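What follows is one chain in structure tokens, specifically the form predicted on its own.
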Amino acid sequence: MSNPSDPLTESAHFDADTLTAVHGLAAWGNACFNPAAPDSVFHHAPNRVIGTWSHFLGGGARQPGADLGHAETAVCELAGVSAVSLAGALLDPTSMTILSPARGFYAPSGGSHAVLRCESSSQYDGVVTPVAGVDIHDIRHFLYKGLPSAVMLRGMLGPRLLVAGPVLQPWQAELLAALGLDQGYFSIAEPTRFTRIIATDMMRPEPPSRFARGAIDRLRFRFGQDHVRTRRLLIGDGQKAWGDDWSAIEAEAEDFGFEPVDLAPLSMAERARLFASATAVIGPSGAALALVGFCDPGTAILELQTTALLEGWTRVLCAVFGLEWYNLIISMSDITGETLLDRGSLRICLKNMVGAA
């Protein structure tokens, strides 16, 4: 049982750059598996500038109704990736926060909004890496941050490195099995202290690094592809939030050859094959477009955004995976909160994506 003087209850945060850097794979392996090794950081890749925003707008984002809110020359930069080796650290399966007794919270694992429950904890003599960060149940974070970091570290350090986290949901277990990580998965139900925890700052809230391509490519090879790329998909996750406007979006999209698709009953493998078969995809911001990484390069993606939710996740994924990103920002009523779709702007955007109806 912890108490207020226990260092486990300290709320300080630290980042990878506060640790001593090691260089070379042999030194990194020693830092991870030598019980006497101090906490350290290994820098895998620096920040990378991959182009300007306008480079991957797909030529169709400057239509009426689309205010991108940034200069055309803004730079798209992907954060670098480092990994840390933390002796005697503790992992909480609820918040996925990592806590070093000597240093406090590892900032990228949970940030200031994660709360670690230290009323009880277990001890396990093993070296592990977390399967994801605080956003473990968000498919985008799990797919483009959690899995890539586990694949990267397991590939460097081998099967002695276990993957740890809570009891997985079926879709998460399917993804782990497809990557061969299920046999080394260590499930925990309460805060657990390990001999050492290996984690990366890929868990930060910013969009993912380029390393996500490695994990997604492996999944695509594992799942295969069912169809020739001929399909145009309208992902139907926006029906509840968009009300009557969603029916209008469906009607306009169907004029351009798009078919409404419900992802809910599909397995992860079926979803991956579906996106791989597409030449164009439409969906609202968020989870609806989480699987665009399975699309072939050059696939046209139309992200439907509202003025109440403007984010850059899909835009960056399109840059990482070589997709054409199109964007339609739809206003919302200040009084009712309803979306105010401009069907003319939507049709212009659809023509820019796929040509005349």
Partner chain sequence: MARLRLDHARPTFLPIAPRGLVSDQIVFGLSRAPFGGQRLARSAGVATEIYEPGLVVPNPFAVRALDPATQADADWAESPVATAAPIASGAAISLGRFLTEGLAIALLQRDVIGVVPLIGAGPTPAQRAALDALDLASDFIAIDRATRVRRMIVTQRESGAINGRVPPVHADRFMRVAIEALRFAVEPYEISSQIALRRPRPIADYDVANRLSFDSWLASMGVVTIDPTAMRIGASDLGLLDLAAALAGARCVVIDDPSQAGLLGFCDPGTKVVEIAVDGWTDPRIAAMCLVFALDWRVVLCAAPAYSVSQPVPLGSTSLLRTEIDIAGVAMALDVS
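Positions refer to the first chain, counted from 1. Since the model is a prediction, treat every value here as computed from it, not as a measurement.
The form predicted in complex with the partner chain exists for this protein as well; it is not shown, and the discussion that follows is about that form.
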property	result
Site test, L25, M152 and R213 vs the partner chain in the predicted complex, non-hydrogen atom cutoff 4.5 Å	yes
Contact test in the predicted complex: A37 vs the partner chain, heavy atoms, 4.5 Å	no
Distance check, F321 to the partner chain in the predicted complex, heavy atom within 4.5 Å	yes
Interface membership of H44, the partner chain in the predicted complex, 4.5 Å heavy atom rule	yes
D217, heavy atom within 4.5 angstroms of the partner chain in the predicted complex	yes
The single option of I139, A280, L78, L168 touching the partner chain in the predicted complex, heavy atom within 4.5 Å	L78
Selected contact from L179, A102, A248, A287, since only one has a non-hydrogen atom within 4.5 angstroms of the partner chain in the predicted complex	L179
Heavy atom contacts to the partner chain in the predicted complex at 4.5 Å, residues of 277 to 303 in sequence order	G293, F294, C295, D296, P297, G298
